[in-house]
Structure formats: structure tokens, C-alpha cells
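Single chain ahead, by itself, as C-alpha cells, in the form predicted on its own.
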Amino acid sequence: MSTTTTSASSAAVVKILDLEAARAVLAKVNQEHLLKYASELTPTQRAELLSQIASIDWATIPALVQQYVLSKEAGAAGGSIEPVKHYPADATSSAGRGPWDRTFYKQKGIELIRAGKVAAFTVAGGQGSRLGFEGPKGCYPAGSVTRKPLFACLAEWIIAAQRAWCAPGKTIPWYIMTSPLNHEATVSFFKKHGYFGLNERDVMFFRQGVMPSFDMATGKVLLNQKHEIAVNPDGHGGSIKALAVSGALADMKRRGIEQLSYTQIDNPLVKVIDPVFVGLHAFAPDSSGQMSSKMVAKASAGEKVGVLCVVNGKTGVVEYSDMPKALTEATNADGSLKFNAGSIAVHVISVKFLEQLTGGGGFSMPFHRAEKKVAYVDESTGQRVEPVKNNAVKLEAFVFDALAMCEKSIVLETIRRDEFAPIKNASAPGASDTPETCSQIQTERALAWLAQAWGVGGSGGYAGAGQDCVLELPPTSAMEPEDLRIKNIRPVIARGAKLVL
């Protein structure tokens, strides 16, 4: 598989050959101000602006401005909202849809992986700026001991899964969605690191699409510079369209891929390919096999994560900011949270479902409105302005909105410590989802798995270990606790040790 630099925004290209053609297109949608400074531009700058204009589907802009910019959309939590029934992490539990046969569904998932019918898909368009890191977020050091980058953490899971489950000659292809901002740096990083041990033919990169940024008061598209339209990434929901436009879906069809495991780049503990989840998604009687989700129990009512719920009869995710306070804090008779299914942005999506969504052309996920500060060229002065308060609307799509388009959708609970240690925020006292909390969870998971594999009273003293120690357990060593026994990984852990198991 060769890499590609296709941009998802090229899906609705308007053929613009010259300045007058561009002016005519923009005039129809009341956006001709974007060419106000055309006479001042160099030929190269003018060509860049015309190319950018050609990449935007202007026919859709007036409706978007009316719906999302000049008026505020209704919150995602409208209508009836009920707790979702999930498959519990403890398959013997009667909670949710349990008990259920974990061993059976794991085997069914392994059969699909062995046959080469499962691929990985990672959304990696972000930068590490919130972490004080220059470069793509996937390049951020995440290994608690090795400081290996996030990309390496996910690559090692794919390598381990291929070794464990793929038949000879079969692989797990990896599709990675970048953004226009970090695409070249991401591809260069993979080349520099030899694709982290993966075959270059099995890794495909493609760019995320973009949307224009709009003036909040007028709905006019902003100019970032006189020769450049202000744009923003179209959100992880744009990945569905991007998969089709980039040729990734066509590549999956050529390879015989049936299921796509969707993850985001910020979580080094994510199970990039989980046979239990794949099997449950594809074969559970209450699943349509179209799109399924993973959850963790919320740490508290106020935890800032989306909540998997049943919204108007369909499984969906309600953002924490949209969830009514009364529902966020609602409890069951035993005091547990009623709406407890925290979304961790992990899904399995069938290729057939993706083809159904995108095959008719003109597909677009619903957008969500965000008010932001966006630098712009002031039309009255021609000067670039850095606003001190929100002046613009950015539109983003969320991938979980596709759940509402499924016939039926299931949710699988997982244990937070085992699979969810995202790095989202910079280090700060009391902050969550930081590099420090991620490192701590990696150590806690390693100790818990050692204790589970060898017993609480094992010679390593794992249940009481961990004082000042830092551990890293890569998936190439163990993808589950039982692997530690199989491989006889049984270290003695001294106080303050830093070990890669």
C-alpha cells in the first residue's frame, strides 16, 4: 500500500479556471469579498487562493451559514434520553446485557483477523501544542519508561496482533488520517522510524478535510491572509467522507477488509485491534454489525467525557456539555450513576456500512458549532487582526453521529485501567489526562496484570508493589494478563525501579 496525500476536501471541487470564474461562483453565495485583494496578489498567491476556492463545496455554504452560524443549532441532547444497555466488562455479570460468552466472541473475532478481514484506522490530525510539544500529537513521547511516541505504541499493538492472530500471508493494514497541518511531518516521522517495524505497504496516510471559518455576526467566510481563506479541520466525523475520497475504502475492498477498528491517537493503551470487540460487533444477535462502541464507567458525574445513551430510540453519544445536569447527576437505587457509559472514542465500523453512507455522493455528517477566536483580515483596513474574544464559528463533524444511522448498535464496557489512559492535557496540579496520569496508569495496569497472572501472594509481591516504581508493559510482551504466564514474564520489582517488561 503506498502512501497518499489526497485531501478529503477535494470531494466537491468546483472547476475554476480563472479569477472571473471564481468571482461568479462566490457571488452566487454572497462570499465574493474573498477576492477583494486579488489585484494585490502575486501570481503564485493568486493561484493558491483560486485553488483553495476550488476545493470548497460552495453550494452547501448558504444553508450551513443559516443553520449553524446565524442561528445556534439545538443541543444534541434534545428528545428522549435513556441509559444504554451495555455488555459488561465482567462477562459473568448480569448487568446491562450480561452475562455473555466472551470466549465465543473472541474466537469469532480472531477468525476474522486471521482471514485478513480487519484493519486499523487511527485519527491523528492533531498537533501537540496543548502539551507544549511542537509537531504531530502522534510523535509525542508516551511510553512511561521508554518515552516511545504514541505512533509507536499503536504500531506495537498491530505487530503483536499480527503475530498472534494473522494467518501466514495476512496482515492488519493501518489507515491513518492526518490533517493538512501535520501530514508531511507525520509521513516523514514514519519514514525516519522505519514505519515502527510495520511494512510500508500496509500503512496508508490521507489528509482530513477542512471547513471554512465564518464570521460569527455576518456569516462571511474569513480570510486568514489576503491570499488565504481561514479554514479549520472538519472534525473526526469528516473521517467517514475522507476514507471514501482518499481511496482508502477502495483499498480495503481490494484487500478484502470487512471491519475497521477506529481509534484516536492520544491513548497509548488502546487496543488497536480487539478480537473480543470485533467478534461481538460482527456476530452478536442484537448488533447490526454496522458500528459499535466501547465505554468505561465514568469516574464521576462531572467527568468531561461524552456519554453513550439511547437518544430517541437510537444509540448515540451526548457530549458532556449538552447533557442536562439532572441526567448527568441522576443515580440508580444503589447510588451508582444512571448515565454511566463514558465514551472512549473506540469503535468498530463495517466497510459495507461506510460504503452505504458514502456511496451515493454528497454525503455529509451533521455539524456541530463551536465559537472560537480566529485571526482574520479586516476588510475596512486590510490589516490582519488577532481577536481577543470569540469572533468566529468553526464547524466540526463527530464520528459518533453515525451511530444514529445504524439499524442497531451495541456497546461493550472495558476496564479503564486496562485500555484508557489518554494524553490530552498539559501537566498541572490536579489535572487529568496528562502525561503523568498516563504514566501512572501504565504502571498500575502492569502491576495489576502481574498480580492477576501470578497471584496476589506471588513471589514478586505485585499486589503491594509499585512504591515509586515506573513500569511499561508493551503489547509485544503481553496483550492480556495470561500472556505474562505464557511467556513467563515474572520480574522482581524493587522500590523505585523503572522497568520495561
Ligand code: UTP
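If you superpose the two forms and keep the largest set of C-alpha atoms that fall within 1.5 Å, you have the rigid core. Quick note: we count residues from 1 along the sequence shown, nothing fancier. Bear in mind the structure is a predicted one, so any value in this text is a computation, not a measurement.
Only in words, not in the display: the form predicted in complex with the ligand, which the text now covers.
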Stretch in contact, per heavy atom within 4.5 angstroms of the ligand in the model of the complex, of 284-292, 120-128, 346-354, 106-114: 120-128
Single option in A341, V393, M177, L280 placed near the ligand in the model of the complex, where near means a heavy atom within 4.5 Å: M177
Contact residue in the model of the complex, chosen from I265, V307, V221, L243 - any heavy atom within 4.5 Å of the ligand: I265
is_contact(K271, the ligand) in the model of the complex, heavy atom dist at most 4.5 Å: no
The ligand contact at K424 in the model of the complex, heavy atom, 4.5 Å: yes
4.5 angstroms heavy atom contact with the ligand in the model of the complex for E413: no
In the model of the complex, S144 touching the ligand (heavy atom, 4.5 Å): no
Residues within 4.5 Å of the ligand in the model of the complex, restricted to 202-225 and counted by heavy atom: Q208
Displaced residue check between the shown form and the other one: S427, CA, 2 Å or over, core reference: no
Shift of S93 between the shown form and the other one at or above 2 Å (CA, core fit): no
Core-aligned C-alpha movement of G128 between the shown form and the other one, 2 Å or more: yes
